[in-house]
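Shown here is one chain on its own, the form predicted on its own, set out as structure tokens.
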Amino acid sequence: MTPIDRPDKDVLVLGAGIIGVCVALHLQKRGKSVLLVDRRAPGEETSYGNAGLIERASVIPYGFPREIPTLLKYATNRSADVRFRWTFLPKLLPWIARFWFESSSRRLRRAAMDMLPLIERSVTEHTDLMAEAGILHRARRTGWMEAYRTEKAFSAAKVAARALDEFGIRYDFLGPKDLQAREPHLAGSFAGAVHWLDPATVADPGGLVKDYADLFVRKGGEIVEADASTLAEEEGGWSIRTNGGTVRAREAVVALGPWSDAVYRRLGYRVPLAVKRGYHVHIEPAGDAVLNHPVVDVERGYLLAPMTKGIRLTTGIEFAERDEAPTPVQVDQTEPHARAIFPLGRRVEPAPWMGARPCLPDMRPIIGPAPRHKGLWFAFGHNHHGLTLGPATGRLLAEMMTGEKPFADPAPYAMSRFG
């Protein structure tokens, strides 16, 4: 290997989704010259398709259900919340077993406490970046709602919400009249709703990533298209092949979300990374109908969110191979229910969008150094909270890389926990 005596950049950041862009911004803020690398423009993969929630209220991770009726419903593909591609299930079983193990009440609480420092900073770190980018108007500080069709489900939701009081989470319990007052165009016989007040929302998640990437470029950063699998270790650093030639740097960050395996597997790391696929479609609101908040129809398994392109109908999760052809069955399952509770017109896109969430079975991301490769760092596996945790992750990793005192203990996110 040829030594890197005079690198082109200090750091290569692979992946221009919300995680990679925020890592690049925070390194840049600390005086590092950074090249941001992706095969597509910023914010056009996983970061594009989500509910737009900066989820300060999700203190408890989404664990594996333990209730027998729920398990039976999921196992038989009778719920829009979860769908299995049966041919994929044998390959997924070891991951599910680990996920089930990590979802015991004791381990789930440990995961919650480990994730709390990042969750607590989520809205604040986004606000700081938005202010710097001049886009504070993009943040809506009105929260989001979970709506329940039965009194039994609503009562259980109240108990679960009150269990979060120790974390200082704010919420309102809404009866049918209160829900109607906050969402006048919402129909249906809902027993009530929980209105989570602390989260912020955005009407164009992919656009937010592009705004952050524009800030990175305005401050002197560079973005190039390249194949991340061409990352190579050299003496004293790392290199990657781009259309303009090979670029070298002393350090590299892998923030490729569900495609991170293109790098870590080739370098000999074994990580139990699974992909939860999800779908969305934009639908025009009918007439003068307005949706003021993202609303989850909990028992039907979908979410409606007001977005720039219309009302975004997002579905639950699909377990399937990352690159298999889309099967948007969950969109077709839930759209009639959505039309029954909100006035909707025509679909905006010809076909639903599909994306992939990078998920680890212990419900914590990997943020930190590669155990066996100097100058290599990882930031991926944020489960359902990539948009939420992007800026906090970027700050934490940049502090670690530059020798600052991290604002949170990074030990729970170490790659070495997987051996």
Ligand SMILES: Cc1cc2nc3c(=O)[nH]c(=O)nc-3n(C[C@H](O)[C@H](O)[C@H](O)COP(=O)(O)OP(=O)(O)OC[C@H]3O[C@@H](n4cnc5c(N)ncnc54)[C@H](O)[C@@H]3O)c2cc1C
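In this text, residue numbers run from 1 along the sequence as written. Nothing here was measured: the structure is a model prediction, and the numbers come from that model.
Another form exists, predicted in complex with the named molecule; not displayed. Remarks below refer to it.
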For the chain shown here without its partner, which stretch in 338 to 346, 324 to 332, 272 to 280, 91 to 99 has non-hydrogen atoms within 4.5 angstroms of the named molecule in the predicted complex?
272 to 280
Using heavy atoms only and a 4.5 Å cut-off, determine which of G355, P361, P369, P61 is in contact with the named molecule in the predicted complex.
G355
Identify, from the list A57, L376, L387, L35, the residue with a heavy atom within 4.5 Å of the named molecule in the predicted complex.
L387
So, in the predicted complex, is D128 in contact with the named molecule at a 4.5 angstroms heavy atom limit?
no
Contact between L256 and the named molecule in the predicted complex at 4.5 Å, heavy atoms?
yes
Contact flag, A228 vs the named molecule in the predicted complex, heavy atom cut 4.5 Å:
yes
Does any part of G52 reach within 4.5 Å of the named molecule in the predicted complex? Heavy atoms only, please.
yes
Would you give me the residues of 302 to 321 that have any heavy atom within 4.5 Å of the named molecule in the predicted complex, in order from first to last?
T314, T315
